[in-house]
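Consider the single chain below, provided in structure tokens and representing the form predicted alone.
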Amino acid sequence: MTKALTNKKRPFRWHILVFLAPAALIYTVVMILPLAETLRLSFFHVDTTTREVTFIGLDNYKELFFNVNWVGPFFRALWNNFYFFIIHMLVQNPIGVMIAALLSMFHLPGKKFYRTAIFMPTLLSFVIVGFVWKLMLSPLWGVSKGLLTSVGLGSWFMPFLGREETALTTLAFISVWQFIGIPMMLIYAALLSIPEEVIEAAECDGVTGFAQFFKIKLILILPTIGIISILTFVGNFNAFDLVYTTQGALSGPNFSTDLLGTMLYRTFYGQQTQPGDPNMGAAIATMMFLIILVGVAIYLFFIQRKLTRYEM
């Protein structure tokens, strides 16, 4: 009798499908179908005069990688994306970790205010951030020259957004200022989730202060730092809004701030004398997706596995 009850099939839980269906439907409509349509568009060509649609296979990708008019701008934009990402990894995330560590280790007066103030720019629109910083850095009516002069650094002032050598770096630091609150809050939450028993054991062994952070806490929050790194990678390779707001679709000066996102926009919709080409734009978008996919896969299959194994 007991064996018969054990072998009896458990009823299918239909309520799981009911609760998952809305989210799956929205995700399919918003993400899966546009992605599939973008991939499909990249294999076709539309004649601008007759509007005839022709299947051309991988010809758009051949143009992108072997045509001198496309390969240079594409790899320049790709390098700019990597440069944008590197600055965020070397500046934003370490400073976010440092601020979170200071907030968790010391009983600072006004700690909640500091957390809120640092996180607040994250909630601002790209349009507002880009417009305000463009006004501040303007050589004509900006306040940056006066601020640098007041601290004895007036000779350092230059049109930061108007020079090819400094425009992309300036935009990267503006983005760091806006989003530094995200790694700070994630790391702060990870530090607060460390069991008190571990901290008490470290203090009993005489490990306190910064030594405790670097020898114990930092090791325990490595998985969170890994997640922040991959989120930074995905976000930076999808970057578009800040550059478009401050420098326009042409990503001036002289395309020095051009990213894959702005190149995709110009190619898909056209800009000034450049006609729009949705099919070539779809090819660029597909390459962006593949680059992000490869980066995430490398993280999941190599870095995250090692972090999880180390944690266990």
Partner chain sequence: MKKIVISGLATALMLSAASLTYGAELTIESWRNDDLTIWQDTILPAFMAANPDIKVTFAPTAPAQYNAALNAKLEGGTAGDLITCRPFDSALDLFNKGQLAPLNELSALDNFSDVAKSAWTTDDGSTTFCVPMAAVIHGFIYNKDAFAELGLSEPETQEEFTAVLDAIKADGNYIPMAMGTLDQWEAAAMGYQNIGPMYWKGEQGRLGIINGTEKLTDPQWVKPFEVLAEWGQYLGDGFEAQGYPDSQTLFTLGRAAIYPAGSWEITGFNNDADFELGAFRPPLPNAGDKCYIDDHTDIAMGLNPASPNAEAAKVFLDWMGSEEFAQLYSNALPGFFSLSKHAISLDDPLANEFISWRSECDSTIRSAAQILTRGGTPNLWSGMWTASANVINGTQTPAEAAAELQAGLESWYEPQQ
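On a predicted model such as this, the values are computed, not experimentally measured, just so you know. Positions refer to the first chain, counted from 1.
Beyond the structure shown, there is the form predicted in complex with its partner chain, which is absent from this document and is the topic of what follows.
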{"item": "Per-stretch contact check against its partner chain in the predicted complex, the hit in 82 to 90, 197 to 205, 135 to 143, 214 to 222 (non-hydrogen atom, 4.5 angstroms)", "value": "135 to 143"}
{"item": "In the predicted complex, residue 271 touching its partner chain (heavy atom, 4.5 Å)", "value": "yes"}
{"item": "Residue 161 within 4.5 Å of its partner chain in the predicted complex, heavy atoms", "value": "yes"}
{"item": "Residue contact check: residue 54 to its partner chain in the predicted complex, 4.5 Å heavy atom", "value": "no"}
{"item": "Partner contact for residue 250 in the predicted complex: its partner chain, 4.5 angstroms, heavy atom", "value": "yes"}
{"item": "In the predicted complex, the residue from 265, 61, 70, 44 that sits within 4.5 Å of its partner chain by heavy atoms", "value": "70"}
{"item": "Within 172 to 191, the residues that have a heavy atom no more than 4.5 Å from its partner chain in the predicted complex", "value": "none"}
